[in-house]
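A lone chain, given as structure tokens: the form predicted on its own.
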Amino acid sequence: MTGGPFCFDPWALYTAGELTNPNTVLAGVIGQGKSALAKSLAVRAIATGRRVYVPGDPKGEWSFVAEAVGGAVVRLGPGLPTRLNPLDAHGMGTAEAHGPRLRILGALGALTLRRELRPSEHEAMEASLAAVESHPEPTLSEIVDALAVHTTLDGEGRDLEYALRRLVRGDLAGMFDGTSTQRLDRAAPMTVLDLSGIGSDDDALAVAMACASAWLEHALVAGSAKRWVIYDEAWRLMRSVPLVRRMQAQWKLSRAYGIANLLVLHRLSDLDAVGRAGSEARALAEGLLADCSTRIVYRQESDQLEPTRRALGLSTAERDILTTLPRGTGLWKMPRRSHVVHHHLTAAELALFDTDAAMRDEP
């Protein structure tokens, strides 16, 4: 509001004691410039030596950005040639990789079953994993086959076996059921997992995000480069409790591994899709917000003011300006101070980040 320049780097601010963690949430109604802000934060951070991971791009809007900065784009979808193995060890030993593999299998089981796994299903899953971990690169196809054997022996795990078959012989076949066809380039300035080929099925997107994030997970904890991890269109992901659990674990790792997570939402009432107030699911989602020291809010509709104020701990004055913010202007709330900031884009950024081209009549 002073008219002076504004600079933001979560790692520098954390080092200076201004932030308690490097994570950020960005919320705003459609068409107010929050997507351009997220992309601008990412691209400008690369110039200072940071790297960027987008572990799921449902609309394919980040691919052009990654290619423009010399990054890597991994495109996933039915019929496409790319395959990622979520059980990849990425150089870890079998004992070290066992825990992460169990966690991703548990998440995939819960996602495809649409419920929590029973103790007997956990046991069947662990026995099946142990049976295939002697192989150099165990795959989901081998897990499903091992589950079929286990089911034949004692009858347990049948529902889990059928659910995971979706990734091997169902609509998600060919993406995560074999060895990886692509290796992660940790030196790339930006890596984007383009999931636009999956379409509008939120269940399929959640499964793909879980698999893709497992494939990226080792890279996030390896090396010393600081990394933005950007969850765009996060309102679609917040509906999946197993996926929110995985995101929460990544949030907790942020300070230890130099990660700054960016969660992009339309409005804070998106949390209502996760679960009712007081439920474990809702507590997990609210925990993500609590672990974001920086809260950036673009214009909100009047009926969203009070939920936004409660969720982000805004003052009355901060709440009242949210309906009057012009396009490209947001309230930046940090632990000790708040700012109203207008985001300036260069001509090159405007061309690269434009998401409104389809809505205009071009001459």
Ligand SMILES: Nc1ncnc2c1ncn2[C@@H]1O[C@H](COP(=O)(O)OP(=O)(O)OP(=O)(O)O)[C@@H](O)[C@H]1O
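Note that the coordinates shown come from a computational prediction; the quantities given were computed from them, not determined experimentally. Note that residue numbering begins at 1 and tracks the sequence as displayed.
Form predicted in complex with this ligand: not shown, discussed below.
S35 is the sole member of S338, S63, S35, T308 with a non-hydrogen atom within 4.5 Å of this ligand in the model of the complex. At a distance of at most 4.5 angstroms from this ligand in the model of the complex, none of the three residues V43, D194 and A348 contributes a non-hydrogen atom. Residues of just one listed stretch (63 to 71, 48 to 56, 322 to 330, 309 to 317) have heavy atoms within 4.5 Å of this ligand in the model of the complex: 322 to 330. Among residues of the shown chain, H266 is one whose heavy atoms approach this ligand to within 4.5 Å in the model of the complex. Contact between W11 and this ligand in the model of the complex is not found at the 4.5 Å heavy atom cutoff.
Contact check for D159: every heavy atom lies farther than 4.5 Å from this ligand in the model of the complex.
D354 belongs to the set of residues with a heavy atom inside 4.5 Å of this ligand in the model of the complex.
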